[in-house]
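Here's a solo chain for you in structure tokens, the form predicted on its own.
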């Protein structure tokens, strides 16, 4: 790293504070991932369970000498998040085996109603990222409850789903996941869908990728199986270990970096749509430019008629759930 790059890296970290709501498996793992990547100089955790949040902050602090310089604090006083640049909301009801994300909505929305207005008071300039399920409905509810502009509050959406898709495609085709370019859009949940038509490996359209024997690598059956695996991935992890946390922490940290470093990175986050392919007034994941101000322009990804129909069906499913809770 050059002297100039080192100075810039130090400047960015000294001026940034990451706030995390919830010190459970996801919140604590997010804090750990953020520290490992040197995202912010201050990482602050808030949780209503004082003993838990103090213990998590202490455990993380004991390893500070092994990560880029930072300060960790934890409290059951929401003031610990004062003046945060980014606040990641991970608090919510725990998803049980066999339970859909939409089943979680009622209890999680109640938590958002209780906490979010206080967050806006202590950190009025923060960008808020919702990482609690069902994220699309919760993000829409949070916008209504907080009154924040839609660019400054959005959900983590299908960032992890897209990573799962790329991982499975990489395994199927025998290339590095970093060489696969594909997005999952729509609800972060059962109605989500991959955009097969615009996906690629390197510069080769995904649907034209061939096996060494010349056969098409991803026929309709293979694509269907992979799409199902993406949707079912979280359920499998929850069934085996009770929660998903590592990949969530890494994915959320990547979004935080895009905001704090003003990267203008294209990520499939869940945001309030306004005439996106004719879809409005619903929070869904579509590729969008993420920068220091939050979520910016939504990228009008090309879609086939079937993909667009799937996205609209996903929007209808999220709207129906939101209406059930008065939104």
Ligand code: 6V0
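These numbers were taken from a predicted model, which means no experiment stands behind them. Residue numbers count along the first chain shown, from 1.
Not pictured, yet referred to below: the form predicted in complex with the named molecule.
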- Looking at 117-125, 142-150, 83-91, 213-221, which lies within 4.5 angstroms of the named molecule in the predicted bound form, counting heavy atoms? 83-91
- Task: Answer yes or no: in the predicted bound form, does the named molecule come within 4.5 Å of a heavy atom in every one of 185, 283 and 287?
- Result: no
- Heavy atom within 4.5 Å of the named molecule in the predicted bound form: which of 160, 193, 230, 255 fits that? Just give me the one. 160
- Item | in the predicted bound form, the residue from 58, 299, 64, 48 that sits within 4.5 Å of the named molecule by heavy atoms | 48
- Item | is_contact(residue 243, the named molecule) in the predicted bound form, heavy atom dist at most 4.5 Å | yes
- Might residue 39 be said to contact the named molecule in the predicted bound form, defining contact as any heavy atom within 4.5 Å? no
- Query: Does at least one non-hydrogen atom of residue 23 fall within 4.5 angstroms of the named molecule in the predicted bound form?
  - Reply: yes
- Item | residue 137: touches the named molecule in the predicted bound form, heavy atom cutoff 4.5 angstroms | no
- Task: Select from 126-161 the residues with a non-hydrogen atom within 4.5 Å of the named molecule in the predicted bound form and write them out in sequence order.
- Result: 131, 132, 133, 135, 156, 160
